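Quick setup: one chain, the form predicted alone, written in structure tokens, and binding and motion questions come after.
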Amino acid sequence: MITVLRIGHRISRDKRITTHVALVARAFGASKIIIDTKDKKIEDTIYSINKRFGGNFEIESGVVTKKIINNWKGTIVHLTMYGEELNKSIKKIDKSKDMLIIVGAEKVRPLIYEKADFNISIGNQPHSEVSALAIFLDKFTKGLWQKKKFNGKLEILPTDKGKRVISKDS
């Protein structure tokens, strides 16, 4: 099971980015996202997506980061631009253990670097946590997220032009 921990969420500034982090987590194979700041609106948005597009992705906000990290029984991965190179470190991760992936919104406290089993660099330039999470999950799952079935009321079918959406509501 893969869980994403979003730290440093500022409701007034980060609502769209945090929502996009949650959407990427959901689409690319994570089971849950945990957000440090309580944000009912993001919770409602993600559950609305689940209702329409399927899946059982979970979201929880308003958690104590330190408690989550200290009680985590699996592997902790921190995505950053200061860590070990992605392609080197990803090979070392035990896929049989539950994983907590930490992505920050603002400067990350030293505790995160110390507690993480892996501080993984997704490039060494400033970048988006949304892209970092997508790149990591794609490489970690070897692209298997693309075959995941969500069994929702709506299904988007690939097409080279236009939009093809199947509504299973009827």
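Being a predicted model, the structure only gives us computed values, none of them experimental. One rule holds for the numbers: they count along the sequence shown, beginning at 1.
The discussion below concerns the form predicted together with S-adenosylmethionine, not included here.
Trainee: I'd like to know if His127 sits close to S-adenosylmethionine in the predicted bound form, meaning any non-hydrogen atom pair within 4.5 angstroms.
Mentor: Contact check for His127: yes, within 4.5 Å of S-adenosylmethionine in the predicted bound form.
Trainee: Check whether Ile33 has any heavy atom within 4.5 Å of a heavy atom of S-adenosylmethionine in the predicted bound form, and answer yes or no.
Mentor: No, Ile33 sits far enough from S-adenosylmethionine in the predicted bound form that none of its heavy atoms falls within 4.5 Å.
Trainee: Decide whether Tyr113 counts as a contact residue for S-adenosylmethionine in the predicted bound form under a heavy atom distance cut-off of 4.5 Å.
Mentor: Residue-level check for Tyr113: yes, a contact with S-adenosylmethionine.
Trainee: In the predicted bound form, does Ala132 have a heavy atom within 4.5 Å of S-adenosylmethionine?
Mentor: Taking the distances in the predicted bound form, the answer for Ala132 is yes, it comes within 4.5 Å of S-adenosylmethionine.
Trainee: Heavy atom within 4.5 Å of S-adenosylmethionine in the predicted bound form: which of Val63, Ile69, Ala27, Val108?
Mentor: Looking at Val63, Ile69, Ala27, Val108 one by one, just Val108 meets the 4.5 Å heavy-atom criterion.
Trainee: Quick check for you: of 37 to 45, 140 to 148, 51 to 59, 115 to 123, which stretch puts a non-hydrogen atom within 4.5 Å of S-adenosylmethionine in the predicted bound form?
Mentor: Residues of 115 to 123 come within 4.5 Å of the partner.
Trainee: Within 66 to 101, which residues have a heavy atom closer than or equal to 4.5 Å from S-adenosylmethionine in the predicted bound form?
Mentor: Counting only heavy atoms within 4.5 Å of S-adenosylmethionine in the predicted bound form, the contacting residues of 66 to 101 are Leu79, Thr80, Met81, Tyr82.
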